[in-house]
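Same chain, two forms, each on its own as structure tokens: structure 1, then structure 2.
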Structure 1
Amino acid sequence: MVTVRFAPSPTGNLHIGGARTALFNYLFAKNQKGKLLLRIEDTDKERSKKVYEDNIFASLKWLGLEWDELYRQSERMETYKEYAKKLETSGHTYRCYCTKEELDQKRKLYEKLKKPYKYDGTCRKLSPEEAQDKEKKGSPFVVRFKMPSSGQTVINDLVRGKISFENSELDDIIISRTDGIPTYNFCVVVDDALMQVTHILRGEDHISNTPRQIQLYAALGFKLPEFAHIPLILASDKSRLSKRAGAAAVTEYQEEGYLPEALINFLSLLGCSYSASEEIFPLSEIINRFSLKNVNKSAAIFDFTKLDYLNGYYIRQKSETEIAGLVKPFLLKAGITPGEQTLLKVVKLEKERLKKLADIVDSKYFFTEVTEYDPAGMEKHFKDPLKIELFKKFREEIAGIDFKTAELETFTRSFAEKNGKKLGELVHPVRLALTGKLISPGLFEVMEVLGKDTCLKRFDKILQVI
């Protein structure tokens, strides 16, 4: 059975890049009728926090990415010790007594020589007597793995093809720290082998770890899984993804009003192609179409415009009642308590314009008094005495009609023509008075939702503040 895993560290909230990795593993598992393991890699005691673990769980569940089995590395320490002992017994490891200061000096030397740092194997060359002397003195040590010094390590990557590494360029990695805690490269090999992971799908930033892990597989006698390294996600200018450019936590997208189905659809397109002409796919369709053959080698570009487009599409697929229920928490968070009937009317007007659920707060003028007016709009429409007089006249005459969309439009067009004005010369100042903005849904629809009393009061209010 195909078995994949998503293995986040609970040292921070689940960010968008991690969610994309989780999604690709989920899609592959479902497409292959396999299973997805969730492994919390929490061996870093100082940085691992339960609050981050809880965030990972909540984020994955919100996205709809359910896992089949759950593991925590902190609960598997005895297993790691057992396999570390096996490597020691078979002569594949040695104790390294180099101090931090000594290692820092070695790194500085490599920097001067403009060479990439690689541990030089000082303690690998210790004689038995020298090693015994260090041990008698109680010198602290780490345990290093003896990397082969010749030949090549080859990755037959399912996305990138054959990737070769010269073993002479691979340093003797640490598999156990001075406090006895095992390191990442060692733990993942033991876990992936014992959990019978068949395919490892992860970001291309892990490519450099893979040859070292392959050597650990060989030394432990484990069956090698297949590797697929997916492209990194870059900002629109092809720079490294930053928080401003999209590298936020999944929960932050949730809080901004993105729908899980939109985020899933968007993430599925980051580094993978399903169709030359289509971009909108429900999760079930993405699962059916997903294949490692369609994963790109080149970096994926994070495009907020596309994300907003997809989110707007998925919002519009919902009923107005559903949308009202989804946007209401954003209004409440902004201190606005909407009436249910008014909210439904506003949703009907705004649903075509919403890119994010939080955008509904921009329409707070339907629920609260207008307290601010667009400065440019005030300068343009409420400084000229003639324009003010025209506005006053409009307010007096419109008070006598029924505030229904059709009647409001007919009256306003007739009023503009009668007074020798273009329609926009009335629409813009009226909209500003009612919303405080220069842009809104259709003005006459807005007026009907607000009602005659509210509209007249707002007309009077703006005349008082000019």
Structure 2
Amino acid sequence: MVTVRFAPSPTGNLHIGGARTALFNYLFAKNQKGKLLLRIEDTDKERSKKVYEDNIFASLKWLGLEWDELYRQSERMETYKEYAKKLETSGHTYRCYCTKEELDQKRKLYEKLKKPYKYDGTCRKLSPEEAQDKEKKGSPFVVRFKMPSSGQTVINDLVRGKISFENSELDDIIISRTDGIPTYNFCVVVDDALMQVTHILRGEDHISNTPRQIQLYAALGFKLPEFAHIPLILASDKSRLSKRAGAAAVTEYQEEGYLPEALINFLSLLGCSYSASEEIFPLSEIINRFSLKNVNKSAAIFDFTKLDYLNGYYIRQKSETEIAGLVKPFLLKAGITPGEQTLLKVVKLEKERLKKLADIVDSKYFFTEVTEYDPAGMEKHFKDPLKIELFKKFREEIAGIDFKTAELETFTRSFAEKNGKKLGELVHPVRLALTGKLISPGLFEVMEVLGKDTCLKRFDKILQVI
């Protein structure tokens, strides 16, 4: 059975790039009728935080990416120690007494000499006497893995083909820290092997770790899994996606009013395609069509415009009741408590205009007084005394009719005609009076939703402020 895993470290909220990796793992697992493991890689005690772990869970669930089994590396220390011991007895590791400071100095020196840094193997070359001496003194040490110094290590990557590395380029990685806690490269190997992970789908940024891990597999006598390195997601300036380049954490997308289905569809399109002519698919169809063969090699740029388009599309697909429920928290957050009936009516008018759920707040004039008017609009429609007179006349006459969309439109059209004006010459100032804005949904619908009382009050109010 196919087993894949998503292995985030809880050192930050779930990043959009991480979400994409999780998604591809999920898609592959579902497509192959396999299972998806979620493994929290929290061996860095300093930086791992419970809140981040919770955020990762919440974000994955929000996206609808369910996992089958959950593991925490912090709960598996005994296992790692056991395998570290095995490596030690088989002579694949050695103790390194170099301090962080010494290593830092070496790094700086190499940099100065413009030579590529690689651990020089000082402690690998220690004589038994020297080692014993260090041991007697109780010097702190890390455990390093003896990389082969010749030959090549080849990755058979499912999306990229063969990638080869000279073993001489690989340095003796640390597999266990001074405090005895094992490091990433060692834990992943042990875990992936023991958890019988068959396919490792992860970001391209892990390619350079892979040959080291392959050597570890070999030394431990583990069967090698398949590797598939998926392209990274870049910001619009081709830099790595970060807070500066736009929202980075899934939570932030949620807070801005993106729909999980839109985000999923969008993410699924970065680095992959499912059809030569279509791009919008429900998750079930994406699962159906997913194949590593269709995964691209090149990095993809995250395009908010397209995400917004997809989000608008998915919003439009929903029922008005659903949208009302989704949009309500955004209004509440803005300090607006909408009435159910009004909200539903507003949603009906706004649903085609929303890109993000949070955009609903732009239409707060349905719920609160208008306090600001578009200055350009005021200049254009409420400067000319003739226009103001016409507006006043309109206000008086419309007060006598029923505030239903059809009646309002009929009345306004004939009023315009009678006064020798184009419809727009009435619509625009009226809109400004009612919404404070130059843009809104269809004016007569807006008027009906607001109701006669409110409309008349707003007409009077704008006449006072001009």
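Everything numeric in this text was worked out from a predicted model, so none of it was measured. Under this definition, the rigid core comprises the largest set of C-alpha atoms superposing within 1.5 Å between the forms. Here, residue number means position along structure 1's sequence, counting from 1.
One chain, two forms displayed separately, with the form predicted on its own being the first of them, structure 1.
The Cα shift for Met378 between the two structures, taken after rigid core superposition, is 2 angstroms or larger. For His428, a C-alpha deviation of 2 angstroms or more is recorded between the two structures after rigid-core alignment.
Once both forms are overlaid on the rigid core, the distance between the two CA positions of Ser59 between the two structures is under 2 angstroms. Note on Arg413: its Cα is shifted 3.9 Å between the two structures, core used for superposition.
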